[in-house]
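Here we start with a single chain on its own, the form predicted alone, put down as structure tokens.
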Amino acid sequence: MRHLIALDAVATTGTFGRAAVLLGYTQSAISQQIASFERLVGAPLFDRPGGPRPVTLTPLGERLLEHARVLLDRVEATSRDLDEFQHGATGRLRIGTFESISTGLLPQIVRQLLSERPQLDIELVEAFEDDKLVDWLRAGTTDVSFFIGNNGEPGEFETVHLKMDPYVVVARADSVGDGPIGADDLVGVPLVGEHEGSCHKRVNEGLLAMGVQPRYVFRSRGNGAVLAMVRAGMGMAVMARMAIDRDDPELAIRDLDPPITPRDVRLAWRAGRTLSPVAQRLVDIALEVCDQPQPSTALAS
């Protein structure tokens, strides 16, 4: 590369002396680099008329300079790109997620990230099953992923805890009173819920632990469809609080008594892998949004 840079400088300025000033070298250093380059290619690159007259490229030098400038432009572009990447200004970020995170938490995180780095390419990869998120992160399909609790083999992933997300009852606002909903209030009541999936499994296990055998009248994979059916009066739903629009006047959100174990929402990446600057910034923003005063990293177990 030093040879190519010296070739370009001498051809641009017309003299070894001005090329040396341009590059911050001595004239003899530039002369030595060109002489070394000519030995490598086996022929002169410049015609040297002597005296104050400028040097000129030989036909071989002209051909070589064409290639040199393409390479130098590419190196400069690479340098700019790497610098932007290192500062987190550009790049692609693939995030494993699930619906309630995509609608209830990620908008705040992504909005701040894109306001700082508008050239980022962010891709969300959604799954209904925890195992899918684990497989994608393990395979490198995603750079980081939201998990519920710790997943994978011991020590396979590093995670940060973001928040605890409780399970609540959501009903039509005109169908329930104030105060928590107990197990007796749910026995035999029509329920609207998810169709399979890890969250559906956690809700069912929680209801059974309360002594409630759930009676579903409608199931859907989409939280929006579940809430629409609750608004229509088809029944109540037990959902993670993050999945519910708290400002919806048609819906009432009530605590469960006794409660179902809340979701431990975490952000994870492969252990032993250095995060890209933009991925690290995502982690930092997620912790800020979730009001975590100090980032803490723990190995999954």
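All figures in this text were calculated on a predicted structure; none of them were measured in a lab. Residues carry their position along the shown sequence, with the first being 1.
The protein also exists as the form predicted together with the DNA; that form is not presented, and the subsequent description refers to it.
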Please pick out the stretch from 28-36, 248-256, 271-279, 64-72 that is in contact with the DNA in the predicted complex, where contact means heavy atoms within 4.5 Å.
28-36
If we define contact as a non-hydrogen atom of the residue within 4.5 angstroms of the partner, is Thr12 a contact of the DNA in the predicted complex?
no
Does the DNA get within 4.5 angstroms of any non-hydrogen atom of Val55 in the predicted complex?
yes
Under a 4.5 Å heavy atom criterion, is Pro59 part of the interface with the DNA in the predicted complex?
no
Would you check, heavy atoms only and a 4.5 Å threshold, whether Gly51 touches the DNA in the predicted complex?
yes
